[in-house]
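As a starting point, one isolated chain is supplied in structure tokens, in the form predicted alone.
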């Protein structure tokens, strides 16, 4: 099945393709000539995911899906949340975001956090959403070199390795994005069989 994944993040594209498997051929907007930045100014992950998918669907009419992911730290009232990608400011990178998070959590005993991913699918002009959650703890320092984003400081519940220390296959099995993408995959396979 050909489907458009609304992202410019090649890490996400690679993860999504690995999770969805061979039955899906993913393309991204830049391969379709859509190169403008898609605004992400929703107040929730759901709003951002639905808006991104809708924006591209309106432009070309193709079935597509988009995701938005946030890290929610309990002690910070759910921050950085919807602002996870730009937590340290609009020109920041993953390292800046991680450093800000660790600084904000300095001295905090409660380091519980969760990653939450919302995937919004537009299929035959109808919108569906799927959620994946991964609970864990924020470490006091980075460990591991794999993954991306906050992975080096996130220790999933029940694990002794951060997301950055897991193999891509191990990460995809338990990750928030993996959970949401598998829900998407199951839905598409069931829909396709009808």
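Numbering follows the first chain given and starts at 1. This structure is a prediction, so every number in the text was calculated from the model and none was measured.
The same protein also exists as the form predicted in complex with a small molecule; that form is not shown, yet it is the one meant from here on.
Peer 1: Among 79, 105, 122, 85, which has any heavy atom within 4.5 Å of the small molecule in the model of the complex?
Peer 2: Checked against the cut-off, the match is 85.
Peer 1: Any chance all of 18, 65 and 129 sit within 4.5 Å of the small molecule in the model of the complex, going by non-hydrogen atoms?
Peer 2: Not a single listed residue reaches the small molecule in the model of the complex, so no.
Peer 1: Heavy atoms within 4.5 Å of the small molecule in the model of the complex: which of the stretches 23 to 31, 55 to 63, 135 to 143, 148 to 156 has them?
Peer 2: The contacting stretch here is 148 to 156.
Peer 1: Would residue 69 show up as a contact with the small molecule in the model of the complex if we use heavy atoms at 4.5 Å?
Peer 2: So residue 69 counts as contacting the small molecule.
Peer 1: For residue 94, is any heavy atom within 4.5 Å of the small molecule in the model of the complex, or not?
Peer 2: Close contact exists here: in the model of the complex, residue 94 approaches the small molecule to within 4.5 Å, heavy atoms only.
Peer 1: Do residue 165 and the small molecule come within 4.5 Å of each other in the model of the complex, heavy atoms counted?
Peer 2: Although the small molecule is absent here, residue 165 would stay clear of it in the model of the complex, with no heavy atoms inside 4.5 Å.
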